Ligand SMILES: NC(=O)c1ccc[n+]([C@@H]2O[C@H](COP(=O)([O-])OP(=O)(O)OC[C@H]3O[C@@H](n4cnc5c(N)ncnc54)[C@H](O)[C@@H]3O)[C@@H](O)[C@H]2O)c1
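Just one chain follows, in the form predicted on its own, and it is written as structure tokens.
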């Protein structure tokens, strides 16, 4: 299966190195706004990969892997005749799906994979979709992982000198995606699993934190589902290492005829 990766940063690099050694995929196309990221990755891969535009990568790849931002998701979903080509899409920036649900819902023939990323419990959340009465996500991150978020800049919030943890955001999914586009894809993924419109999100900056923590509380007639995932950051402090591992497992599942869980 010919694969292309859009975004050659930390996660894109880890997935490229995995694919390069994994039978069943041929990584042929790389796309990144920064050519130096591509050139650096090419030196670490065993076969010759082609630096490509996003349009050519989408046209020529059977498996399209997005690991960059929500704008790339919009570009992918906007591709003419995408749905007639029966491609497989692996999307990490699920906030881009939420902002383009009209395009996403039109896709009928492509297989779209959205890894669970840095949270746990999605199988259980999917199973109770339609029965949920309340759903909250509380995300706690080190200050470095939240710096320069649009919400903080817009509201003139300086977290660089915090001495103790502080709630810096409380609001809806839409507000969280707009304000923290590189930090809160877990919320978008949680919504896509739960289909619960009234989800509430809280973001906490903690100068003493060494990990990214995501806590989910989901209640309804079924009882209560509570999960807490305490993630070590990846090489990029804005993302968790578990997100990398989740994406790698999703790639394995694409080629695996034995699947565990829903």
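For clarity, every value in this text was computed on a predicted model and none was experimentally measured. Positions refer to the first chain, counted from 1.
Just so it is clear, the following notes concern the form predicted in complex with the ligand, a form of the same protein that is not shown.
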Legend entry - Contact label in the model of the complex: residue 215 to the ligand, heavy atom within 4.5 Å: no
Inset, instruction - Flag residue 139 as yes or no: does it have a non-hydrogen atom within 4.5 angstroms of any non-hydrogen atom of the ligand in the model of the complex? - result: no
Inset, instruction - Check whether residue 177 has any heavy atom within 4.5 Å of a heavy atom of the ligand in the model of the complex, and answer yes or no. - result: no
Inset, instruction - Give a yes/no on whether residue 4 approaches the ligand to within 4.5 Å in the model of the complex, heavy atoms considered. - result: no
Inset, instruction - Considering the ligand in the model of the complex, find the one stretch among 219-227, 203-211, 65-73, 41-49 with heavy atoms no farther than 4.5 Å from it. - result: 65-73
Legend entry - All of 98, 194 and 250 with a heavy atom within 4.5 Å of the ligand in the model of the complex: no
Legend entry - Residue (of 186, 77, 149, 125) lying close to the ligand in the model of the complex, criterion heavy atoms within 4.5 Å: 186
Legend entry - in the model of the complex: members of 30-47 within 4.5 Å of the ligand, any heavy atom: 31, 32, 33, 34, 37
